[in-house]
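The chain that follows stands alone, in the form predicted alone, written as structure tokens.
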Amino acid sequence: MMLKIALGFYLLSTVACLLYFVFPKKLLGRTYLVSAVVGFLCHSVALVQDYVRAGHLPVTNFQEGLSFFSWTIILIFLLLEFRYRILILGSFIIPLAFAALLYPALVSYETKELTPLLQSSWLGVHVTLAFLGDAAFALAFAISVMYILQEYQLKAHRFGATFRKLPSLEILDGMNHRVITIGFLLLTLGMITGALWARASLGSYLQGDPREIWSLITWVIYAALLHARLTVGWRGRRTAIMAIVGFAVLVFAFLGINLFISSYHYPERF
């Protein structure tokens, strides 16, 4: 029930933030931000309830994973909003969090008993780090879209309302770099803890699982992006495009594998 309430507030926030992008009125901005915060609090209560009921972090099936991903997106967004005060960012990221929560909030599912492999203290640490990293990359995706849109308006000499609402290219590029760096560090820690967990439970650091392989591919993409920025001075548009590509790979690693490929991370496909 609480998850559906959270979804309702995310829906209100989504509508308000999209309207805010078209009509940047303070009331719309406050409405969408307050709705996002209330929805986040309701979502947090739902996760705590599931944790108490199941006895572990609710991330062991696809629906729970989507729900937790949505929660981490809102968490990272609220932290960024508190730090940078760029309210327009919500117009690009809140709809994504709402979309991620749709399936777990509207389709009933049961939390089943953990398999022996998942009965480990590594579960919460590994999954939380990995999902926080994924959420940071989702924010980087949103910032990259904003960057490309702002750059297009500059090149087209379109200095209208949309141009004035978006931050400067310099601010967007700097923020994108910081968010990607944080996401990369979190993903790296998530992969390290996952490898240690696999070594302790299965005898080797890598099992050749499709989710592991695609997570490694995602890591390589963002590592290459950060390396290119440090060594050859990649900035702006190139960074934005790579961040969008990296997030597309990340989405496939999460959604595509559950659609088409078996994985011990989520054995049951939706």
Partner chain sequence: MPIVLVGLSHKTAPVELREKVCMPDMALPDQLARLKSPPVPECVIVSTCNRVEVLAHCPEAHAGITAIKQYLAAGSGIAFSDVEPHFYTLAGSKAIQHIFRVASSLDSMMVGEPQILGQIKNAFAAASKEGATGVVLNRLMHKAFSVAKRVKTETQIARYAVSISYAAVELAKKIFDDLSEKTVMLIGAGEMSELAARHLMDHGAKRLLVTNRTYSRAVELAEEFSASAIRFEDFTDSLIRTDIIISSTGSPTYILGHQQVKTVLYERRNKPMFMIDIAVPRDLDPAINRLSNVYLYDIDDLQAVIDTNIQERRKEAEKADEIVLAEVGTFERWLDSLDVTPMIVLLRERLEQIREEELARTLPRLNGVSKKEKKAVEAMASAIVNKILHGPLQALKAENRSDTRDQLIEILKEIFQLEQTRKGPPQKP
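Residue numbers count along the first chain shown, from 1. By rigid core we mean the largest C-alpha set that fits within 1.5 Å across both forms. Since this is a predicted model, take the numbers as computed values, not measurements.
Missing here is the form predicted together with its partner chain; even so, the following discussion is about that form.
The contact with its partner chain in the model of the complex, taken as any heavy atom within 4.5 Å, belongs to I171 out of I192, L79, I171, L106. L154 is the sole member of L185, A200, L102, L154 with a non-hydrogen atom within 4.5 Å of its partner chain in the model of the complex. Not displayed here, its partner chain is approached by G236 to within 4.5 Å at the level of heavy atoms in the model of the complex. Although the partner is absent here, L96 sits far enough away that none of its heavy atoms falls within 4.5 Å of its partner chain in the model of the complex. L230 belongs to the set of residues with a heavy atom inside 4.5 Å of its partner chain in the model of the complex. Under a 4.5 angstroms non-hydrogen atom cutoff, its partner chain in the model of the complex has L166 among its neighbouring residues. The chain is drawn here without its partner chain; in the model of the complex, the stretch among 62-70, 34-42, 222-230, 209-217 whose residues come within 4.5 Å of it by any heavy atom is 222-230.
Highlighted residues W122, T128 and F131: none comes within 4.5 Å of its partner chain in the model of the complex, counting any heavy atom.
Residues Y147, Q150 are the ones in 130-150 with at least one heavy atom within 4.5 Å of its partner chain in the model of the complex, listed in sequence order. With the core superposed, R83 shows a C-alpha displacement below 2 Å between the shown form and the other one.
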